[in-house]
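Here you get one chain, nothing else, as structure tokens; it is the form predicted alone.
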Amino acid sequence: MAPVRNARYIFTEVPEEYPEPGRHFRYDDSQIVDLESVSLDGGILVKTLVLSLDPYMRGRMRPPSKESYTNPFRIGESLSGYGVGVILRSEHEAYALGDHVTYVDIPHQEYFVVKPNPFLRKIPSDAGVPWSLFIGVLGMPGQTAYASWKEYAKPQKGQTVFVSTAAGAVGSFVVQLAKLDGMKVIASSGSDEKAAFTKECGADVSFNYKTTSTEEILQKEGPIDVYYDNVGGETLDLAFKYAAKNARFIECGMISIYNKPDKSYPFKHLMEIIGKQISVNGFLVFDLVPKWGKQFYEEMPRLVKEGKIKFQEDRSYGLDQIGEAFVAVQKGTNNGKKVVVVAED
């Protein structure tokens, strides 16, 4: 077989604010690969099917000298992240031709070789749901919501939880977990359409923070016993102000500052942490999955398949759409979990 194109989406420049397709990253179709002869060295050859675009990836667009909890992207190399692929060749007994796999660091290119490791996971052949769900509601976002909620929320029936970015892949799952635990849910989203979706997920109070005052809602509907934070900034500050005594704050993300050069916000209400004895819990999903992952996969695939867990998926088609899709995630213009379909099976 003759070599085939192995297009990719490469990182080209560190952005200070919002990244721009064509400047900070771009599509490149200059590489080729021989699928029959490329060396596997005991690994597997994978065809990329679906890629996940997630907020945390913005933190990888930094100079290599700046330390963080994730590895930085390298100039001139492919972006990478969660994805689903199908095996074309294998030199490992645990993986066979036609197996579908998920991986935490799939290069944003059409084909890649990887050696089996703890982060490479086979998808059951009888899953009965689209493969893309294993990088969404049944993947890292779902695991993030589930594991952090189980670990830190300490839910009590009748108490109140406030969820920001409540229509997102993580937030909408948290809304539903909270309702299963009998809590009152206040949900903040960035559009009327998103607010309507969180209402469908069970939120008792669902509002568009761009047209409705977050402070007025919290003042009226609080105090807050649990805050599930995806945005940081002013919303987090207000949550401190309207928190109940012994409130639990779960810090999942702070997208409001990801694209600011100084990554800071001047808080006014931090003293509430002391006076109200608030617990503030930051976490990384990798550290919680060993404890909660087995339970997650025992419970959630069935509930999703039966339609008992709601989700939204926002699809783009073609590897060349990576840049626009990523910017949509950073600006919140996507509706639900953002994925890019690179190829069909």
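Numbering starts at 1 and follows the sequence shown. What you see is a predicted model, and the numbers here were worked out from it, not measured in a lab.
Beyond what is shown, the protein has a form predicted together with a further copy of the same chain; the following relates to that form.
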{"property": "Heavy atom within 4.5 Å of a further copy of the same chain in the predicted complex - residue from 317, 296, 283, 27", "result": "283"}
{"property": "Contact residue in the predicted complex, chosen from 157, 115, 245, 220 - any heavy atom within 4.5 Å of a further copy of the same chain", "result": "245"}
{"property": "In the predicted complex, residue 236 touching a further copy of the same chain (heavy atom, 4.5 Å)", "result": "yes"}
{"property": "a further copy of the same chain contact at residue 265 in the predicted complex, heavy atom, 4.5 Å", "result": "yes"}
{"property": "In the predicted complex, residue 271 touching a further copy of the same chain (heavy atom, 4.5 Å)", "result": "yes"}
{"property": "Residue contact check: residue 287 to a further copy of the same chain in the predicted complex, 4.5 Å heavy atom", "result": "yes"}
{"property": "Segment assignment from 183-191, 206-214, 249-257, 98-106: heavy atom within 4.5 Å of a further copy of the same chain in the predicted complex", "result": "249-257"}
{"property": "Sequence-ordered list of residues in 69-83 near a further copy of the same chain in the predicted complex, where near means a heavy atom within 4.5 Å", "result": "69"}
